[in-house]
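Only one chain is shown below, in structure tokens, and it's the form predicted alone.
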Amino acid sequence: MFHWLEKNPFFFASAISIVISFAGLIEILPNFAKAGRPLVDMTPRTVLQLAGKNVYMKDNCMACHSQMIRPFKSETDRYGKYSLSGEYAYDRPFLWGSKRTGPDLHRIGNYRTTDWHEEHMKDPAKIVPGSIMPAYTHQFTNIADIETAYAEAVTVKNVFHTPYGPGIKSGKAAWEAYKPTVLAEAKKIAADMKDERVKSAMAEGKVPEVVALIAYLNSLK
């Protein structure tokens, strides 16, 4: 058989390609599967952070910011460790982005603070001279849709088996029981903010969009 293959270059080359491809698949596919799994000790985003992610998408932040640091020195020097597949395991959808009018945000939680984000969203050019980013002052008065974010968490838990805690359950009663957890997290963010509109809304048990967005940005590490 092998002598026959050696006398037929086309079939010989095809046989070699099949063997190499099969060996490559055996070696590569398990690594791909492993890389796509959540990192050790990684947990899904909280309901407040999911609400902030929805604000991020609603205001189209990904039009100017990416969330994927490539493994090049020029990128890791500026933005931090390059992104790993497993870090996106619980993201639906991914917000990798394809344009960088502004900087990559995948590690922004490591070097920006709540009060920095507050002032930056109000007046970007004041905080970053020369910035062309518009102000997002409406986020200080708009109220975040936390209930929809909770419903999203319930869905991904039930459909994709995302490991949310036992408190994430279907039904209005479950949401009402969980709401204090979200408000407690939001109050920790708001405690580091100065804006009176934020303080007033939080006193009424409402979460401004900017608080949810900052919670999301702080989680990007």
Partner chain sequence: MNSLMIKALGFAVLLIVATIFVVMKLNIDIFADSVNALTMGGAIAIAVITSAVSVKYINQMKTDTASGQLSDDNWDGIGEYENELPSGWAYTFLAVFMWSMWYGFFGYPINAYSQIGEYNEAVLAYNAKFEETHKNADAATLKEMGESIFLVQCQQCHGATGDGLSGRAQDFTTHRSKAEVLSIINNGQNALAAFPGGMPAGMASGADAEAIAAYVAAGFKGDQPATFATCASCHGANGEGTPMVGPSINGYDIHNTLAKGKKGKIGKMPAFNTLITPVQEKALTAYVQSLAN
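All figures in this text were calculated on a predicted structure; none of them were measured in a lab. Residue numbers count along the first chain shown, from 1.
One more form of this protein, predicted in complex with its partner chain, exists but is not displayed; see below.
- For the chain shown alone, residue 116 is a contact residue for its partner chain in the predicted complex, at least one non-hydrogen atom being within 4.5 angstroms.
- The shortest heavy atom separation between residue 192 and its partner chain in the predicted complex is within 4.5 Å.
- The closest heavy atom approach of residue 82 to its partner chain in the predicted complex falls within 4.5 Å.
- Contact annotation for 46-81: residues with any non-hydrogen atom within 4.5 angstroms of its partner chain in the predicted complex are 71, 72, 73, 76, 77, 78, 79, 80, listed in sequence order.
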